[in-house]
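Given next, in structure tokens, is a single chain: the form predicted alone.
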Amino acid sequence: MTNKSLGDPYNTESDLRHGAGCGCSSCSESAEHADAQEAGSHKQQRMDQESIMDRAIESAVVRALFNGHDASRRHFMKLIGGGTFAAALASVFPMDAAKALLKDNLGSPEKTDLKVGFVPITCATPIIMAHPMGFYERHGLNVEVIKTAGWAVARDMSLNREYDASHMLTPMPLAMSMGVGSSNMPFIMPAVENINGQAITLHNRHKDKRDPKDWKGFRFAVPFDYSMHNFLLRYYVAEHGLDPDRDIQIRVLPPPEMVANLRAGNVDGYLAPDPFNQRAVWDDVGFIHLLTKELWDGHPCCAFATSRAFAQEYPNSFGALFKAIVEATHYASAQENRVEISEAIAPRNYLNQPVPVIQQVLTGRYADGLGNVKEDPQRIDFDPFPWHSMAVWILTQMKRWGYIDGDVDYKGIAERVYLATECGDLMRDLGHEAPEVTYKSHMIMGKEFDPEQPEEYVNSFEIRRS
């Protein structure tokens, strides 16, 4: 099957949406026909690196003109002809100059074969979809995305440099760079993957216990100690007067094991990533108590991270990977792309989930397990900007709950690990808006967090370990 993402943008038959190996239904259905048609006309030769870049730039420009709507592009090409359009575009846009400039700035990746780990959850959507939809290929990379059982494995594979980069939870690069919970190795987090996108799910037998004050003795699961899931669950129950270390139990479970443990009664609920909240509803074993956006709308969850050593040893490879991830993240942020993306990431080698389950998460039209169908397009969203203030908040919670102690260089750590300035520059280079600052206040359960006063914030909580 041909590489659609690198197809001729002026050809009415080209589909620029997906890449080689795409498992979505439309690609599967058309693969045999497309291959036979190409074999009958001419044998497509393997593109060299420069040709790939040329085609990727042409495709990006044409896609931008049609706001990413491939059906509109093809319809327009049929109306006026691809050659006519190409000539008209060349008269107003310096395509050759753009190609030369971008290729000069990028440089060739020093290492093209990369291994990137991911845990099979919807938070990893940009990292996963970048594989079947061709975002890595556009930047000359041959990326193997490797399904990983859980976060401890992702951490260890990253520390051992068996992964070149990985899908991580936003607190993980901070903890790993500080040597908290693992050996110390400097990591960087160039981009956030998703914001929102988590929920508290309870077993169906607890439908009469919607007040957290009734949860004493409950057993909860989170996917990792150094996770927004752990810190948000602790924050939520503490705001309702429960001590998360004394009044409830919190245990770590890999996300793919959560529904089975809920069904078996091993846990009463979990604060977890999707699709496992929605899967519990789909399997009729649990209900969605609340979405975490109700606690902090716009909170970060997962991220793209790598060791600082990788970025220093292979700067062009790192830059190409960074661009691919940011482009995929922005593509995922557009609601009109969510159904298509759901099909692309559903197959066994990615999420291995029913397409309707993923669509409920990504589109925000979902059953909550309580008899309601809800509409919330922001249930999950995708924004790559790694706010330094978010890192500072995470560090305050690590201190609040005793994961770190003593004096903490909040801003110093945040700015070494989260590449907010670099991400903002890249977003602007790619034609997207980006914040002009890297710190801002955040509202969490009605309480304002000021990143300029982190110690005062930690000490403002009655329930804490620090």
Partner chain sequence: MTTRVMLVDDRRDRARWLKAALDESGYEVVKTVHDMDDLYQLVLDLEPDVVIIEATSGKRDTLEHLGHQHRRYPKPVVMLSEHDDPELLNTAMQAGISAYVVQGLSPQGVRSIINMAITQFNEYQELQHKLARAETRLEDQKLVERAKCMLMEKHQLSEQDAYHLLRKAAMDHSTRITDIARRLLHGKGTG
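In this text, all values refer to a predicted model and were calculated from it rather than measured experimentally. Residue numbers count along the first chain shown, from 1.
Below, we refer to the form predicted together with its partner chain, which is not included among the displayed structures.
Note on contacts: among 378, 349, 316, 261, the single residue with a heavy atom within 4.5 Å of its partner chain in the predicted complex is 261. When its partner chain is considered in the predicted complex, only one residue from 110, 156, 294, 340 comes within 4.5 Å through any heavy atom, namely 156. In the predicted complex, its partner chain lies farther than 4.5 Å from every heavy atom of residue 146.
At a distance threshold of 4.5 angstroms between non-hydrogen atoms, residue 281 is out of contact with its partner chain in the predicted complex. Put simply, residue 247 is far from its partner chain in the predicted complex: not one heavy atom of it is within 4.5 Å. At a distance threshold of 4.5 angstroms between non-hydrogen atoms, residue 183 is in contact with its partner chain in the predicted complex. Only one listed stretch (387 to 395, 268 to 276, 203 to 211, 247 to 255) carries heavy atoms within 4.5 Å of its partner chain in the predicted complex, and that stretch is 247 to 255. Of the residues in 396 to 432, only 403 comes within 4.5 Å of its partner chain in the predicted complex through at least one heavy atom.
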